[in-house]
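To begin, one chain is listed below as structure tokens, in the form predicted alone.
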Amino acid sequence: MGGSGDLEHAEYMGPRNAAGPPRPDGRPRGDTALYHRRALPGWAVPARPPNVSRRIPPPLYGVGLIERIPDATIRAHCGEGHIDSAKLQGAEPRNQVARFGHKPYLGTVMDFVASELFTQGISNALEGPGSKDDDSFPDPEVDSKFVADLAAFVRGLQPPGRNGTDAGGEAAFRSFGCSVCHVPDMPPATNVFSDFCVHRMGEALADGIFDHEAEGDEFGTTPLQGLRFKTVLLHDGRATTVDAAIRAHGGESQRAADAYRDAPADQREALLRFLKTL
């Protein structure tokens, strides 16, 4: 249910061209390379350089509703952060604002599915002529209909819903400032707890990887729906408790993390109880 996989299926990401051409705002644009741990025999695993970062796969439930959030709604909630523009590959709807990925660059479920297929070694028509891999099967290995059918299935995976309420904990969640980025509702996605914007998360969480428009210390706000099912947290799975994940926050989330850290024990416990309802 949690969808976060295990370490044998984890992806590692490293910089391939950290300089890259500059973005329109003058900040550098980067490129990335993926290093997989294959579970199947016979797959070649590229040697990983020392500066890679593990990537924990996000859950797939509720992404159909996330896809339908209007671009304007996300733009209106970004605050200190910023949106990332979506890589448009021809899929509908034509969302301009990215919303999928730890460093988001995909705006539709179909584009998300096509990209994930390719990163897992399955070339496909939606990724275009450059979608080629190093196995012996002719490329593209799957056509656009396959991608569309898989995307339709993924869109139908319903969010898990809430497991009760905790009014005191929710009050702490808001008073600490957690809801500034972890916005509870982004219609039509309810109880999603994300603004789908990119924020600076501080040096401790930085991975040094420039991915599309996100810099080395920038990550998209992780949706908290289904948090109660997760066993590893943050983009690289370094935290195994919610308390540890909160304390690791920095950058634009530093004020909220400090408020949690400095709060009386009963308020911290109330917040953790509330998060277990998600």
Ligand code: HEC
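Not measured: the values here are computed from a predicted model. One-based numbering along the sequence shown.
Although it is not shown, the form predicted in complex with this ligand is what the next lines describe.
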{"property": "Proximity to this ligand in the predicted complex, single hit among Ile246, Leu65, Val52, Leu60 (heavy atom within 4.5 Å)", "result": "Ile246"}
{"property": "Position in contact with this ligand when the complex is considered in the predicted complex, options Pro159, Gly121, Gly177, Pro184, heavy atoms within 4.5 Å", "result": "Gly177"}
{"property": "Site test, Ile69, Val113 and His212 vs this ligand in the predicted complex, non-hydrogen atom cutoff 4.5 Å", "result": "no"}
{"property": "Distance check, Ala189 to this ligand in the predicted complex, heavy atom within 4.5 Å", "result": "no"}
{"property": "Val147 within 4.5 Å of this ligand in the predicted complex, heavy atoms", "result": "no"}
{"property": "Partner proximity in the predicted complex: Phe100 to this ligand, non-hydrogen atom cutoff 4.5 Å", "result": "no"}
{"property": "In the predicted complex, Ala256 touching this ligand (heavy atom, 4.5 Å)", "result": "yes"}
{"property": "Contact segment among 147 to 155, 200 to 208, 70 to 78, 104 to 112, judged by heavy atoms lying within 4.5 Å of this ligand in the predicted complex", "result": "200 to 208"}
{"property": "Heavy atom within 4.5 Å of this ligand in the predicted complex - qualifying residues of 206 to 220", "result": "Phe219, Gly220"}
